[in-house]
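Below sits a lone chain in structure tokens, taken as the form predicted on its own.
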Amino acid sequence: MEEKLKWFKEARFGMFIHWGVYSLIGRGEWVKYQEKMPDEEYAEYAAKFKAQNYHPEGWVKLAKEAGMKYMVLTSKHHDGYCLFETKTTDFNSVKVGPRRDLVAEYVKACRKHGMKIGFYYSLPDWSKPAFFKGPDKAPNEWREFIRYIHAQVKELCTQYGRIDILWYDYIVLREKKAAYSAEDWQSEKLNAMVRKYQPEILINDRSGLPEDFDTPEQRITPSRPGRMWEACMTMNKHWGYFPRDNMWKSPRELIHQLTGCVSGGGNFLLNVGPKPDGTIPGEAVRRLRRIGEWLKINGEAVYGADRGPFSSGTAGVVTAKGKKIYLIVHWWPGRELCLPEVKTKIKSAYILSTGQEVIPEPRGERLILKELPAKAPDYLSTVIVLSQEY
């Protein structure tokens, strides 16, 4: 693995933040497009977006409390509203709404507390007619649009010091059969420019080029071994603030997703959708703190861990690091647990949270873990550490 990817693999867990004008409307980040809202009407909401309780240090402290190691903020979503100072458009948070460079404040808070910094940036832009027309129907407008996009990315790469992640996004509109291509976005030229100004940056795969890591969305789909990936997921059903969406995942389900990513060699980017004033909903805060409590005890099985060498059977997932294998039990079986196909010789085992010894008994290729507690020591997930013989 390249040296610059090392920290990313060690981190395993990050915070995604979707926040902007759509947060004020409160019907999700796609509200402008889905409700066919005119630009003039959306601009009225932008003027009312004040971010009056935005204190990004609080976001960073919460992320650290949750055990997260990096953050990715929407610098510009599909609506075209920029949370940063830009010379390319007046539709930004310095000129309209808060009258502040919200990205600059976020960067300052991350840097103060040692948090890795990521920028989400949407290549699509609903505020530009050229995006809907495309390069074939409006080649001249499209060329101007590409200059606009490249200029904004350059600003993000030159105005805020070192940035650790550039997280592009793309979309496929209803009226189109496919997303625009890397050639359409001139992604090779764009990413070469990014790396010129940010040589250590990690870039995702959504500019149409593979770059450094893959980004399955709302699903855990491991990439091939050796290829870095990161699953991004919501806590409820929406990315942006949507107060009527009460379909919150439990802390247990979120831990299952986190550990599922790690067992496949990937990262977990978990989203929060702050309220328009900049505060994070209590439902999200409580879940993040619960995950953080679990990681304080069981983080050894997550940070820097990778794919396990065998299946967990019906128990949960398996990760590994050095000489240790971590069986993360999602579904506690009772006094005994069967691992169906273990070719590795296991000399000892214990429960990570309590230190209680477990008896590993090989039966052919099966491994039976005996003398377990009748009930799970941790309802959220219990980690059993298996030490290999060498």
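Values in this document were obtained by computation on a predicted structure and should not be read as measured data. Numbering starts at 1 and runs along the sequence shown.
The form predicted together with ligand GLC exists for this protein as well; it is not shown, and the discussion that follows is about that form.
Proximity to ligand GLC in the predicted bound form, defined as a heavy atom within 4.5 Å, singles out one entry of M228, I201, C232, V107, which is C232. Proximity to ligand GLC in the predicted bound form, defined as a heavy atom within 4.5 Å, holds among W294, Y120, F268, W185 only for Y120. F13 falls outside the set of residues with a heavy atom inside 4.5 Å of ligand GLC in the predicted bound form. Interface residue remark: H18 is counted as part of the site for ligand GLC in the predicted bound form, having a heavy atom within 4.5 Å. Although the partner is absent from this view, Y45 stays clear of ligand GLC in the predicted bound form, with no non-hydrogen atom inside 4.5 angstroms. W167 belongs to the set of residues with a heavy atom inside 4.5 Å of ligand GLC in the predicted bound form. From the list 150 to 158, 108 to 116, 232 to 240, 92 to 100, the contact stretch for ligand GLC in the predicted bound form under a 4.5 Å heavy atom rule is 232 to 240. With contact defined as any non-hydrogen atom lying within 4.5 angstroms of ligand GLC in the predicted bound form, the contacting residues in 51 to 87 are H77, H78, given in sequence order.
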